[in-house]
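Here we start with a single chain on its own, the form predicted alone, put down as structure tokens.
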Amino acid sequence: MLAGPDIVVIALVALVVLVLFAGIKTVPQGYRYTIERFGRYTRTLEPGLNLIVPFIERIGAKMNVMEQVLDVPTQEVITKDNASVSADAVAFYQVLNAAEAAYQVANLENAILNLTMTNIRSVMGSMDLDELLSNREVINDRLLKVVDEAVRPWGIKVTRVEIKDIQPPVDLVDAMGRQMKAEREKRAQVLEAEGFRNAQILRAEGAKQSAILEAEGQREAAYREAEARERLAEAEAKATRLVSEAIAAGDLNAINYFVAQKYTEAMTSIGTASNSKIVLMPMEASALVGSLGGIGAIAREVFGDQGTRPVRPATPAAPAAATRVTPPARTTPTVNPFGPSSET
């Protein structure tokens, strides 16, 4: 049996253990505990080992100060142009002041949720449907600003509010699809017309450049041809002048040479004509030989006086004309109309 002192000792040990258990508090990382003394907030315990006054102080609220996610359920929203859409969102918030979050608002998460849903209807209801669908970033920014301002007295910081989905009515989605299809068809037709117009312009430009280049080529060719004719006429005029001077000086060999040259040129043209198979020569074939003999005589007179160059006999073969001319059947004596003998 335990004696009286032993019972007292045991009771004291149990009391000490109970006091230690009631006075030592451990706060995990990411949490803050509020301490109340007789129901009144006194301080906030930080993470780690903390001591409180047993039986006088107690833990009031255990607040999670990590960033938390709050899903905002889908709700119907009437836009500014009376279109009904369904929208849902997600909000991120963090407790910055545990005491304010614990004692300034009851049911903190529900309060933030209702506040966010209300502001979603307010912000989206002030916008037209087209603006609503195309400016989601603007909606998020406006929601974040409004909600964060509203929860600031609660010691809460809203970091982000994101609209997850916006669903217009089915008939409105069909109308939007038809509108988008019509817009794309219109753009396609416009692009096709512009491409056809550009192609026509390029083809016209190409034809224009081609015509210009062709005209320039013809002009250059005509200029060259006129220039060649001018040079030829000058040469003819010079030759005629020289012959005239020679005749005026009493040199009949010059005119004989000139006439013989024209004679041979005429015979060459007749013989080389493309539409002539057989050439009938009504003149004496030997006249050509006589003409060439006259040319040889002129050459001998010109170069024979020097006595240093060998003088070839004037015996032209004239093979080309002989192949085209029929064999001489006539026995008319050869007369050289351009010879220097008889007339002198």
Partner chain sequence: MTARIVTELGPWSWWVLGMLLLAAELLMPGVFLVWIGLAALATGALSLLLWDLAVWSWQVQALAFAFASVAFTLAGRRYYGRADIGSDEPLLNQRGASLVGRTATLAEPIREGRGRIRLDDTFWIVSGPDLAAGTRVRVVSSNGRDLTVEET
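Numbering follows the first chain given and starts at 1. Source: prediction; values computed, not measured.
Not pictured, yet referred to below: the form predicted in complex with its partner chain.
Partner proximity in the predicted complex, defined as non-hydrogen atoms within 4.5 angstroms of its partner chain, places exactly one of 180-188, 220-228, 141-149, 103-111 at the interface: 141-149. The candidate spot formed by T42, T44 and R58 lies out of contact with its partner chain in the predicted complex, as no residue has a heavy atom within 4.5 Å of it.
With a 4.5 Å cutoff on heavy atoms, Q75 does not count as touching its partner chain in the predicted complex; it lies far away. Although the partner is absent here, L132 sits far enough away that none of its heavy atoms falls within 4.5 Å of its partner chain in the predicted complex. Its partner chain is not drawn, but in the predicted complex it has a heavy atom within 4.5 Å of Q94. Contact annotation for K157: at least one heavy atom lies within 4.5 Å of its partner chain in the predicted complex. For the stretch 5-26, the set of residues having any non-hydrogen atom within 4.5 angstroms of its partner chain in the predicted complex comprises D6, V9, I10, L12, V13, V16, V17, L20, F21, I24, T26, in sequence order.
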